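Next comes just one chain, in structure tokens: the form predicted on its own.
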Amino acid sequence: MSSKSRGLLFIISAASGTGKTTLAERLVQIMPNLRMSRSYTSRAARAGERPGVDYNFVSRETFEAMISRGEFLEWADVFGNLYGTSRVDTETWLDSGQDVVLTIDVQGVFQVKALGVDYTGIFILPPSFEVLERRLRGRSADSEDSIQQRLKTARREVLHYAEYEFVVINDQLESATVRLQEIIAAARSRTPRMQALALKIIDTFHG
């Protein structure tokens, strides 16, 4: 048996504007041995976004070629732009013993599930629809058409919350981050995950 266990995969989903990316970024800063997967996207970088840090920016042609080669764990067309998670990157990190968190939408989770990949699903909800709309309108980069489209999509996506193992309400950033930490800690303490260490300890009782 390898001395290092395979890493755990965590998937965080939420409607656009709920704050899933901000929560995931805070989570990986706080918790050891947890990294955030950076998605590939065909869209252009927005002001302040850094290639390889916020996203891996590629052309639409390159993205479509990656799809044809089966290089994505999941991918989606979101409001006319393509987003995807590298299967190779994710498997490499998990095999090295690192826990990985993905921030993907409901459509992407369906693809991961269809592949039979083991993961812990967490759905983030805003306190209310009104709060979500206010947060979206606070984004100066979003047009009114974009906001309306995102709100329409949100009404559909929130109905899938029950398909996830955990639900976290992002009412306050700090408290929501703490709840996510507790979920990660609980997943890491599951009996199958702890079995090798538990057996070593139990052996000392019969030495």
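Residue indices: 1-based, along the sequence shown. Quick caveat, the model's predicted, so the values are computed rather than measured.
One more form of this protein, predicted in complex with a small molecule, exists but is not displayed; see below.
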- Query: Counting only non-hydrogen atoms and a 4.5 angstroms cut-off, does Arg156 reach the small molecule in the model of the complex?
  - Reply: no
- Query: Going by a heavy atom distance of 4.5 Å, is Lys152 a contact of the small molecule in the model of the complex?
  - Reply: no
- Query: Are any of the heavy atoms in Asp105 no more than 4.5 Å from a heavy atom of the small molecule in the model of the complex?
  - Reply: yes
- Query: Is there a heavy atom of Pro126 lying 4.5 Å or less from a heavy atom of the small molecule in the model of the complex?
  - Reply: no
- Query: Taking the partner as it appears in the model of the complex, which of 76-84, 127-135, 114-122, 90-98 has residues with heavy atoms within 4.5 Å of the small molecule?
  - Reply: 76-84
- His160, Tyr164 and Asn170: each with a heavy atom within 4.5 Å of the small molecule in the model of the complex? no
